[in-house]
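First, one chain by itself: the form predicted on its own, in structure tokens.
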């Protein structure tokens, strides 16, 4: 029997990606869209806690709630800057709305170097993502990380969020991130996520890595 996964997202691209991965496993993915204000963004310390809170709220909006045979999936992500002790982290959405990309650049303007490698180390950051699935009363978590660094200025019009100020580290032949300044098989050549295509960005995607980590834990329907 095909089981339904309700994906709490307003992003059709994320929905297509999840469907692409989950349909072959026997799961039907349906989009769960709620009205503004029906999901309250929790003020907590970790992405896992954010996902847990959103799942608890979403359970109120699917048939049979806690007793449902359906599942709920949520995804959350944030930008974690090492020099700022992980800020903005779980508050990334709020910080993006208040000070934006240029505000992040200004916070790090004292951390610069003419040496590219040293500059990348001083301004190191990671996009982190968690994909969480409520299933039979339990929650499975998948995690994904994309390490890189904060650019000296905003550039590019593609992507969303903090993409215009984030430059990813190169990847090795197996698609794994390398240390700053190490040349790999896959490289953005110093460009930010906002300056490369969506297809190219996909190779680095923390969201895809989180989803793949979740899928490894998921049995066929």
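Note that this is a predicted model, so its numbers are computed, not measured. Numbering follows the first chain given and starts at 1.
The discussion below concerns the form predicted together with a small molecule, not included here.
Colleague: Would you confirm whether the three residues 3, 7 and 30 all fall within 4.5 Å of the small molecule in the predicted bound form, going by non-hydrogen atoms?
Modeller: Looking in the predicted bound form, the three residues 3, 7 and 30 all stay beyond 4.5 Å of the small molecule (heavy atoms).
Colleague: Within 4.5 Å, heavy atoms only, one stretch in 177-185, 160-168, 56-64, 30-38 touches the small molecule in the predicted bound form. Which?
Modeller: So the stretch in question is 160-168.
Colleague: Please determine whether residue 206 contacts the small molecule in the predicted bound form, using a 4.5 Å cut-off between heavy atoms.
Modeller: Yes, residue 206 is a contact residue.
Colleague: Spell out, yes or no, whether the shortest heavy atom distance between residue 78 and the small molecule in the predicted bound form is within 4.5 Å.
Modeller: Flag for residue 78 set to yes.
Colleague: Although the partner isn't part of this model, could you tell me whether residue 124 comes within 4.5 Å of the small molecule in the predicted bound form, counting any heavy atom of the residue?
Modeller: Taking the distances in the predicted bound form, the answer for residue 124 is no, it never comes within 4.5 Å of the small molecule.
Colleague: Is residue 118 close enough to touch the small molecule in the predicted bound form, meaning at least one heavy atom pair within 4.5 Å?
Modeller: Because no heavy atom of residue 118 falls inside 4.5 Å of the small molecule in the predicted bound form, the answer is no.
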